[in-house]
Ligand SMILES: C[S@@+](CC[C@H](N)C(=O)[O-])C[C@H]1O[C@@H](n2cnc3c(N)ncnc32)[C@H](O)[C@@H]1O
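Just one chain follows, in the form predicted on its own, and it is written as structure tokens.
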Amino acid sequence: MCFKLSGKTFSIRLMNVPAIATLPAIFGNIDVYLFDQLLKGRIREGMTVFDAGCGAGRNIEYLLKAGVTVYGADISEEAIASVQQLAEQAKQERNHQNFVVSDLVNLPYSDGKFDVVLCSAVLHFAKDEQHFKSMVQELWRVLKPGGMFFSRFSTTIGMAGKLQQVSGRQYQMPHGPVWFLADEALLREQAVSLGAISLEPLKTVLVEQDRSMTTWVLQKV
């Protein structure tokens, strides 16, 4: 980095700054909106993080390498096996038991166990509104007071006139599957019901004409 002082040019070499080409090796395929929470200091060393519907672990790969205590649950045995391999690669073999095959409406954890609960690209697979609310309430149960709930999922926001309603809140998506889609009113109603503080405004990104993805970030009082 170069700068001028009193007419002279000085050059400073920034130490320990990774080259751009090495960033994927460090952060993997982490969701950019979750990465934003890292930059804001809401996920820190010493915290205990739970990834609900963790899949193969793309959002926790970096956290494992960074030494954060990570737990995960998924209904797929194959996905949990993949996450356990990530734990081994991150020298966290002792934490195999942290990753379990489980439905999100009945988690095997005590109340208020986690500092952060993540749930990315999962809630739109709810069977109906009650199932959606049950998952949210269960994830809220295992979150500590003061903790952050981070979720990203498809909604109806920004999709007016682009969706075919099947029944209730189930919609035939333009790209094929039938998904449960919450709307803004339901999310705000749930936040009030939980007594939550909104850490971020609702942020929605339109993915061409296929779907919208909304980021919902709450704090437990």
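Since the model is a prediction, treat every value here as computed from it, not as a measurement. Counting begins at 1, following the sequence as shown.
Beyond the structure shown, there is the form predicted together with this ligand, which is absent from this document and is the topic of what follows.
Comparing 83-91, 141-149, 109-117, 70-78 against this ligand in the model of the complex, the single stretch with non-hydrogen atoms within 4.5 angstroms of it is 70-78. Within 4.5 Å of any heavy atom of this ligand in the model of the complex lies no heavy atom of Arg42. Although the partner is absent here, Lys133 is not a contact residue: none of its heavy atoms lies within 4.5 angstroms of this ligand in the model of the complex.
In the model of the complex, this ligand lies within 4.5 Å of some heavy atom of Arg58.
Using a 4.5 angstroms limit between non-hydrogen atoms, Cys54 touches this ligand in the model of the complex. Applying a 4.5 Å heavy atom cutoff to this ligand in the model of the complex picks out Ser102, Asp103, Leu104, Ser120, Ala121, Val122, Phe125 from 98-125, in order along the sequence.
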